[in-house]
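The chain that follows stands alone, in the form predicted on its own, written as structure tokens.
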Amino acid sequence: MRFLITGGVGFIGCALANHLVREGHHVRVLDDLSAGYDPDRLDPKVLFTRGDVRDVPKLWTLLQKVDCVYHLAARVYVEQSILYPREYNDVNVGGTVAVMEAMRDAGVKRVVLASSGAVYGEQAMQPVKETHPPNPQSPYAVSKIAAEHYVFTIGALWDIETVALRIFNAYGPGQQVPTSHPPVIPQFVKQALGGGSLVVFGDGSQTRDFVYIDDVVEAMVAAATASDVDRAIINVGSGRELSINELIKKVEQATGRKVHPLYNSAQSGGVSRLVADISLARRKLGFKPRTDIDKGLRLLLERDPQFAAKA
């Protein structure tokens, strides 16, 4: 098959692109490199183009003879979205509309949207099902809900098959650790290996669903060809709930280092609980997460160059 991946140099996009070319597919990637990832991480067989996802003429060129689009291009930091909501709307919503317009014009018939578990916000019932009403608590989450609606609406109007994957807390080798608002798992591992303290917002009792990158890629690959998924929203997570305090213990076990958590009660740790119900993914995509947190941390330490030398 022929694929275009927007945002394909990012953490999830790069893993997906490299997997697809290894399977013999033709893969094009569009990325503006604003997230700071290096395009050299892509397999040489991937055709990389630097550009803005809102550039419709460039999209027209890249979409010729493409069978399916993976739309991952987005600004992704929750805290940053609170400061810059207009930019998040411009890129995450405007970029999605541009992709759908260009797909319509080029005659591409399927798109897989990378949405987010963040759209659920605080929910009384756990695990969260796709039928739970969204409760967005950041402009980032709002932008993802808007992107879903645009994809489904434009898809229905122009006979484009559409599926949105609400991806939970993905982690694994190749994930950046920026100085501002880093993802929790690589940040905890980095601090543990470096002998630093772990800053925990809230009391650490808040829970999340951490899903290993290979499992995310498996779900995305299945979504490109699955039947009966048009206009479907599907959770992609591990289906396992883990508190931040429990994660600290797992990081200690994986690294063999004792860590010192510093609790910052002045700043919220976000929603109190969040774990995915993945029963729909099992039915629609044949999805079965293969990597639990213990194995995932071990693979992260083995495969990620920034950690392997220190582990």
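Quantities reported herein were computed from a predicted structural model and do not represent experimental measurements. Residue numbers here begin at 1 and follow the sequence given.
The following text describes the form predicted together with nicotinamide-adenine-dinucleotide (NAD), which does not appear among the structures shown.
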Taking 4.5 angstroms as the cut-off for heavy atoms, does Ala73 touch nicotinamide-adenine-dinucleotide (NAD) in the predicted bound form? yes
Is it the case that Leu16, even though its partner is missing from this view, gets within 4.5 Å of nicotinamide-adenine-dinucleotide (NAD) in the predicted bound form, heavy atoms only? no
How about Val251: is it within 4.5 Å of nicotinamide-adenine-dinucleotide (NAD) in the predicted bound form, going by heavy atoms? no
Is the gap between Ala35 and nicotinamide-adenine-dinucleotide (NAD) in the predicted bound form 4.5 Å or less for some heavy atom pair? yes
The stretch from 239-247, 47-55, 252-260, 61-69 that lies within 4.5 Å of nicotinamide-adenine-dinucleotide (NAD) in the predicted bound form, judged by heavy atoms, is 47-55
For the three residues Phe3, Gly155 and Ala164, verify that every one has a non-hydrogen atom within 4.5 Å of nicotinamide-adenine-dinucleotide (NAD) in the predicted bound form; reply yes or no. no
Across 213-251, which residues bring a heavy atom to within 4.5 Å of nicotinamide-adenine-dinucleotide (NAD) in the predicted bound form? none
